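In structure tokens, one chain follows: the form predicted on its own.
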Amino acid sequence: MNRTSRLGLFLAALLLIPVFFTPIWSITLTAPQYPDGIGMYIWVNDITGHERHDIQNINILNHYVGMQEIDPDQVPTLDIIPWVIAGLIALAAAAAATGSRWLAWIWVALFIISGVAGMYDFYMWGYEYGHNLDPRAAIKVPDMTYQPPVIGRETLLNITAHSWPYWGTLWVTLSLLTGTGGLFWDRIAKKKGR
């Protein structure tokens, strides 16, 4: 692998580091009783409110319709994602250090597989919260479910949910683009005999 491509992979590894320090996703709820909105950030290892009491207020809303309480300790994926990110950083750095093409393509494959698996897990998490409702809930609407959108906007009763990627996802995307860009540059340079 040429020097430029190896630098690209090394940069791709570095671009994943900020993912540990900024949320990867944001979900905001707006309703007449919360005109300014309440919401939560999803980090690689935690779920926090946009404001101090937002998670508590979301759980109160959830309680009325029978949804489960949002508790980061009950989301096993939050224990796994940091290790996946750390592994991708190490693999990209190793591919850059050794100049190994096959190691670099394994990095790309694992990166894409991890991303698809993460989005599927996020969908299933929302599905579980939105469909597995307590039959003793105070508010019951026949055939109504409360699954928030994975991405986009959806109105559920008088609450509108907005779900969008946050800064952490930008760093993840930049890392993948930088790493794969370096590999394609390597292929072009190889064909030209550089």
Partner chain sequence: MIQKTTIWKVSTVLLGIGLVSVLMYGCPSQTEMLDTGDAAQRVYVAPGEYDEYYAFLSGGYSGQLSVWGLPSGRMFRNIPVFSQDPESGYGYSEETKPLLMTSYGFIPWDDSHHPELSLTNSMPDGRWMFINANNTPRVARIDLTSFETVETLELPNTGGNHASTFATENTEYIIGATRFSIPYDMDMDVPIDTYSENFDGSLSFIGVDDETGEMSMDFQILMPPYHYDLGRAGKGPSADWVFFTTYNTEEAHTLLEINASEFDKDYIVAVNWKMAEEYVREGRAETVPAEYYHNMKDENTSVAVSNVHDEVLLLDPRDAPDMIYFLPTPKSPHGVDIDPTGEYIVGGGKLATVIPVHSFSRMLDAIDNDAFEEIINGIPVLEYESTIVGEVENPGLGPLHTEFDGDGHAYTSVYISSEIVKWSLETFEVVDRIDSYYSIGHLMITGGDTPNPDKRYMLGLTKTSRDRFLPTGPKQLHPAQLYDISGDRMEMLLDFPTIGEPHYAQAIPADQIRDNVKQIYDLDANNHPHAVKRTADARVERDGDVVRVYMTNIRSHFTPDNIEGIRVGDEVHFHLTNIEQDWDMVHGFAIKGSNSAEVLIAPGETKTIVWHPQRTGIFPFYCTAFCSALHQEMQGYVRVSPADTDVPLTWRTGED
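Positions refer to the first chain, counted from 1. Everything numeric in this text was worked out from a predicted model, so none of it was measured.
Below: the form predicted together with the partner chain, not depicted.
Although the partner is absent from this view, residue 61 contacts the partner chain in the model of the complex, with a non-hydrogen atom inside 4.5 angstroms. Looking at residue 131, you'd find every heavy atom of it more than 4.5 angstroms from the partner chain in the model of the complex. Interface membership of residue 153, defined by any non-hydrogen atom within 4.5 Å of the partner chain in the model of the complex, is ruled out. Residue contact with the partner chain in the model of the complex: residue 57 places a heavy atom within 4.5 Å of it. Segments offered: 22-30, 45-53, 122-130, 165-173. Contacting the partner chain in the model of the complex at heavy atom distances within 4.5 Å is 45-53. Residue 34 is the sole member of 29-47 found to place a heavy atom within 4.5 Å of the partner chain in the model of the complex.
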